[in-house]
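The form predicted alone is given below as one chain in structure tokens.
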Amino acid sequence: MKRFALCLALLVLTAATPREATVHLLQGARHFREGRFANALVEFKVARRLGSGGEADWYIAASLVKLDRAEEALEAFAVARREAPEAGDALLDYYQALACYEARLYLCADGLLEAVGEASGPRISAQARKLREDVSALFRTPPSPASIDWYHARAAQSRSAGRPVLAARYLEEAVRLAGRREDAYRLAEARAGLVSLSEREGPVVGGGAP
């Protein structure tokens, strides 16, 4: 039954959506359900251009996750949370957690997976618990300075590439990791970087994990 969740969510969300956009949303949901994720992505992007509002952004992001384009998915999820926060649900939070996990944002993923809980149904809940166990295993000891340095480097690279949302996500992870060390390694630097991003980019850097 859970494989139909995306389609059912769309049926609820499209009541106030222009008819042309609705057609493409539903076509995208069919492609997604049947595993044609590249086709689904195209349909969802068309739906957005036709006036679906921020609803389509959630499904664009989920499609990008399925296409192993985790960083692009994180950017799309940030847009979705800003444009249509009411359209999210536990299943879509699960997809965002997968994007975080694949981008090595493990504590971001863990926070989202905790929020998913049992609301996503038994199969997804079981997968979420397994991922949380995997994350827990990664942090049986405090993170090393070298690992935190990696997140700072990725944030700097993302910022230089004009991708402030990604820069923010990596700095947020650096903050979480620093909090797991007694010396709070580079914590102040990570926080200052986030403030700088917010001052320069504004709300574009919002939309991270709850």
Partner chain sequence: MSAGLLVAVVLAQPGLCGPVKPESTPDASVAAPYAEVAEAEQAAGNREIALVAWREVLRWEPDNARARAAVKALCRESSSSGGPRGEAEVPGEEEAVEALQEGLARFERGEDVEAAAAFHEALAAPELADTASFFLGLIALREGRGREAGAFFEAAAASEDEALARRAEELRLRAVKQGRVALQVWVGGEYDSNVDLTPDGTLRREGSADAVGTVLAELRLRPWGQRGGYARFSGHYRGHQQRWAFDLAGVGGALGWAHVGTARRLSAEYGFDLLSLGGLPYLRAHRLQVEGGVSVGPVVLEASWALRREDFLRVDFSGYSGWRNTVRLEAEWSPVEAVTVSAGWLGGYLRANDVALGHVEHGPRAGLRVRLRPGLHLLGEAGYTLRDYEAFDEPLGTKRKDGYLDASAALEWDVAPNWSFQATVGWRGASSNVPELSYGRLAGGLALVWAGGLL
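Not measured: the values here are computed from a predicted model. Numbering follows the first chain given and starts at 1.
From this point on, the text means the form predicted together with its partner chain, which you will not see here.
For the candidate set Arg33, His152, Arg181, Arg69, a heavy atom within 4.5 Å of its partner chain in the predicted bound form is found for exactly one residue, namely Arg69.
None of Leu41, Ala29, Val165, Val65 but one reaches within 4.5 angstroms of its partner chain in the predicted bound form through a heavy atom, and that residue is Leu41. Shown alone here, Arg186 lies farther than 4.5 Å from its partner chain in the predicted bound form, counting heavy atoms only. Its partner chain is not shown here, but in the predicted bound form it comes within 4.5 Å of a heavy atom of Leu50. Heavy atoms of Val46 reach within 4.5 Å of its partner chain in the predicted bound form, making it an interface residue. You can rule out all but one of 33-41, 139-147, 154-162, 173-181: in the predicted bound form, only 33-41 has residues with a heavy atom within 4.5 Å of its partner chain.
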